[in-house]
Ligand code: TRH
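The data below hold one chain only, encoded as structure tokens and taken in the form predicted on its own.
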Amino acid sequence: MATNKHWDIFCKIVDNFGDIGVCWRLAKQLQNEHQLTIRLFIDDLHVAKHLIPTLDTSLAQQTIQNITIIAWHTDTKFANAAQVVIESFACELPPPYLALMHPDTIWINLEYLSAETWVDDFHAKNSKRGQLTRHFFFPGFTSKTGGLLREHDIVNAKQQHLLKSSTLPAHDHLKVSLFCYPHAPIASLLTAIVNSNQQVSCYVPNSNTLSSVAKFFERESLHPGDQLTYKNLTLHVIPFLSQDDYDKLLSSCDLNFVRGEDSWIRAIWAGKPFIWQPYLQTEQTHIKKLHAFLNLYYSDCPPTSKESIFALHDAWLSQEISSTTWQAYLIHLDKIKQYVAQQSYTHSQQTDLATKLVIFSEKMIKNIEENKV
């Protein structure tokens, strides 16, 4: 069988960090676990540098962790196309690169993650563009989808981290990480925490939500290292973390507020209770995505606990979190913790996204070769 060891991944950073977060993790896993040669084309190195700290934004090409990173812009020169090409999130491959592709090129459009039921039917479908075939690959939570992005050793790594954490002194306060979009009802959440009967240490990374947090504390601005206390709330402003450090934060906290795609998936693997804020979309599409996920992921959760989970998620999207909604969730937190830990383990037993991509590409190449015989 012909080799398919050379892969190209195209990443267009539309907004925030989800696109590059997913692409960078995928590139590293394909290289580390499947020994593939990866070129990652990124259209905004300045944003990417937040997640890849050693990235030199002045270079057109560089190698980091055995991944070749190439600045992608209108003047980028392409010498050749890889045998397997991943077009992340319908970013549209550049015409000069498309011209280098041939009918045997395995062209995969990696779609956004969704738990909606239609994903099962549309996964792995294709369409023609001239002589080229474009395959649509949908990550998902069922065996009929493309799976979830997950390193093979993630369960063992998490268990080792939890083992180390268990040796630390017990705390009577709740540790919460807060990573969300700026339009989230941050003030109402902090107000609910302040007025609850539970002490909370809240960790907020340096991002575009800090202005809302500063306004709550009647401060002009906040910076990494700042710590503010008001009644039962102690808020810690932390630097924007690397992916590895962020994963450790999620595993260390009792509750994680996450957003988009990358941090959402990592919250699942952390095995801790989390509140997910989907990316805002027109026609309330994001609400449909949220409810599809909640219905699937918490299908076997005890009814009263499920009710509190849905209520807090909906409140987080509706611009208002009441103290009653917050307190009701905390009452069920121990049961929720047990449930999501089991769900994390259950989903970690499924075939992961990177492996499914490799299997799919090998199948496509085999079919091409057999048709040539």
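The shown structure was predicted, so the numbers you read here are calculated from the model rather than taken from an experiment. Residues carry their position along the shown sequence, with the first being 1.
Below: the form predicted in complex with 2'-deoxy-thymidine-beta-L-rhamnose (TRH), not depicted.
Asker: Counting any heavy atom within 4.5 Å as contact, can you tell me which stretch out of 214-222, 177-185, 118-126, 100-108 lines 2'-deoxy-thymidine-beta-L-rhamnose (TRH) in the predicted complex?
Answerer: This holds for exactly one stretch, 177-185.
Asker: Consider the chain as shown here, without its partner, and state which of 199, 133, 195, 243 has a heavy atom within 4.5 Å of 2'-deoxy-thymidine-beta-L-rhamnose (TRH) in the predicted complex.
Answerer: Exactly one residue meets the criterion: 243.
Asker: Of 274, 297, 72, 112, which one comes within 4.5 Å of 2'-deoxy-thymidine-beta-L-rhamnose (TRH) in the predicted complex, counting heavy atoms only?
Answerer: Looking at the other structure, the residue within range turns out to be 112.
Asker: How about residue 140: is it within 4.5 Å of 2'-deoxy-thymidine-beta-L-rhamnose (TRH) in the predicted complex, going by heavy atoms?
Answerer: Result no; residue 140 lies far from 2'-deoxy-thymidine-beta-L-rhamnose (TRH) in the predicted complex.
Asker: Please check if residue 263 has a heavy atom lying within 4.5 Å of any heavy atom of 2'-deoxy-thymidine-beta-L-rhamnose (TRH) in the predicted complex.
Answerer: It does: once 2'-deoxy-thymidine-beta-L-rhamnose (TRH) is placed as it appears in the predicted complex, residue 263 has a heavy atom within 4.5 Å of it.
Asker: Whether residue 359 contacts 2'-deoxy-thymidine-beta-L-rhamnose (TRH) in the predicted complex should be assessed with a 4.5 Å heavy atom distance threshold; does it?
Answerer: No, residue 359 is distant from the partner.
Asker: Please determine whether residue 78 contacts 2'-deoxy-thymidine-beta-L-rhamnose (TRH) in the predicted complex, using a 4.5 Å cut-off between heavy atoms.
Answerer: No, no contact at 4.5 Å.
Asker: Though the partner is not shown here, which residues of 10-41 have a heavy atom within 4.5 Å of 2'-deoxy-thymidine-beta-L-rhamnose (TRH) in the predicted complex?
Answerer: In sequence order, 14, 15, 16, 17, 18, 19, 21, 25 come within 4.5 Å of the partner.
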